[in-house]
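Before any questions on how it binds or moves, here is one chain, the form predicted on its own, in structure tokens.
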Amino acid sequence: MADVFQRRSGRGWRLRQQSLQLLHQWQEILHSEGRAAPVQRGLLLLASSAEELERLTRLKHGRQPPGAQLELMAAESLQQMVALQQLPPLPGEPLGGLWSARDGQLDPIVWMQALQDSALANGLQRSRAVVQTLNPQGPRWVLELSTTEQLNCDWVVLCAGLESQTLLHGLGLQWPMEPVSGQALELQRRPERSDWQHPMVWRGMNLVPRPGGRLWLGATVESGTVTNGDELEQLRQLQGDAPGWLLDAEVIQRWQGQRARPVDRPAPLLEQPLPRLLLVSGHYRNGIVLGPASAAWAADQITMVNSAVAGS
């Protein structure tokens, strides 16, 4: 969600717009390398209340980024699409919707694999050892690894989620983050005639169609590290608004994890705590969508300092 982000200014807005542009550029690069990294464009936000419909209307008529394609849809138009089998029966009784042609979905596992393979082909070296401590040594950094080896680095980009703060604590630095748990489901829909292809959002819950009649449904937002089965069931039921086809779908996979949310700071954390040490973490619920812009920020910091040193 970039074009339908509720704000139209500020750092979060700029990061989303930059990521949207970079995803398109990266997709072209990966395609030229023969790597599959598909992006499914198109996203439908459904209004479950008059207040939500008003918010979507403001998004449509407010400031728009260049190239954005937003379209307000009346409830009658949505029902007509259901009748024409372009959409499945909708949850609840939506009062309308907002269609965003540039937003959409990607498979993060497929994308991460493609990016990693591309980086390996261009010189990336990996170590699967655990980093135990970060030690500054002059202008460089020494990483103590769990294999008892040391890794000498010109720069360190710290993007280890909640564990980032553990490594920072060893340097006497405080960038606190808190865990926010989430659960999600993958379901197999029964055969249906609808050719639904684009994700829908209902009351903050995402319904993402996948190939072969599968569906991603997520995600809960639960404070702390312990998840609640009732929260997952409420997600499964769309808080009481699930249509029959969703209730009849078979759960084939469920998963859970923890997001790192900064404490008393906006997400994400893009900071330089010490010279040549970058903190790129605490993305909360937007690690994938803000990943490209975060990477670009880190690259810019490194390039800027290295260029200044080379020119001095």
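The first residue of the shown sequence is 1; numbering continues from there. For clarity, every value in this text was computed on a predicted model and none was experimentally measured.
As for the form predicted together with a small molecule, it is not shown, yet the points below apply to it.
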{"item": "Candidate stretches 126 to 134, 223 to 231, 196 to 204, 78 to 86, one within 4.5 Å of the small molecule in the model of the complex by heavy atom", "value": "126 to 134"}
{"item": "4.5 Å heavy atom contact with the small molecule in the model of the complex for all of 182, 219 and 284", "value": "yes"}
{"item": "Proximity of residue 295 to the small molecule in the model of the complex, heavy atoms at 4.5 Å", "value": "no"}
{"item": "Contact label in the model of the complex: residue 243 to the small molecule, heavy atom within 4.5 Å", "value": "no"}
{"item": "Proximity of residue 257 to the small molecule in the model of the complex, heavy atoms at 4.5 Å", "value": "yes"}
{"item": "Residue contact check: residue 288 to the small molecule in the model of the complex, 4.5 Å heavy atom", "value": "yes"}
{"item": "Interface residue in the model of the complex among 238, 159, 95, 215, criterion: non-hydrogen atom within 4.5 angstroms of the small molecule", "value": "159"}
{"item": "In the model of the complex, the residue from 167, 90, 187, 73 that sits within 4.5 Å of the small molecule by heavy atoms", "value": "167"}
